[in-house]
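Single chain ahead, written as structure tokens, the form predicted alone.
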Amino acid sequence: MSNALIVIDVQNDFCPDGALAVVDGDKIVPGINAMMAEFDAVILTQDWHPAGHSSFASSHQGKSPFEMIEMSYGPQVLWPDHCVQGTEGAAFHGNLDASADLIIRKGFRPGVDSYSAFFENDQSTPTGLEGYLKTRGISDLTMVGLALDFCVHFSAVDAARLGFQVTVDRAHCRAIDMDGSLAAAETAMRDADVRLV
């Protein structure tokens, strides 16, 4: 069986001093780098929003970051502007080993956000990652990165739904934990038969 390490969104804007900083987001980088040699493939995901993306609070008159709105595809958290294409905030953390087999950029469609490494938030537009993994015969995935309760969570649940064996290494993740989002994410992952270690 072939395995892959999926490193979710270890980017400057999700690390301390970033636009959407996750507490201690940078602390997971050395451990992730050390894990890479243990896997047949390493895939990095990169949040890659155009300026004025529909998930940004600044794109909605009178709305503030972390408010919820209804989009055509369902409920959407409004975020501070972050990971804008080509900016320093969108770059991988400077200490992350970015010599990966594949980099998947997500969230680049202006009208739909993308938490998962596999699908946009409409749950139907694929990123291409599933096809890449299946073509390479990869069946076992270990996920690490930022943030545990959003992009890692949605990636893990989608991967399990697609038939992959999925492990989330919590020691190499950090969470936002907004209004109980971490507990809800962990329950959803367990319910999807994702292994949390």
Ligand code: VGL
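One-based numbering along the sequence shown. It should be emphasised that the depicted structure is a prediction, and the values quoted were computed from it without experimental measurement.
Although not depicted, the form predicted together with the ligand is the subject of the following passage.
Only one segment in the set 142-150, 26-34, 128-136, 159-167 has any non-hydrogen atom within 4.5 angstroms of the ligand in the predicted complex, and it is 142-150. When contacts are judged by a 4.5 Å heavy atom cut-off, Tyr115 counts as touching the ligand in the predicted complex. Using a 4.5 angstroms limit between non-hydrogen atoms, Trp79 touches the ligand in the predicted complex. Mapping the unseen interface onto this chain, Leu20 counts among the residues with a heavy atom inside 4.5 Å of the ligand in the predicted complex.
Not displayed here, the ligand is kept clear of Leu182 by more than 4.5 Å at the level of heavy atoms in the predicted complex.
Annotation for 36-59: interface residues with the ligand in the predicted complex are Asp47, His49 [heavy atom within 4.5 Å].
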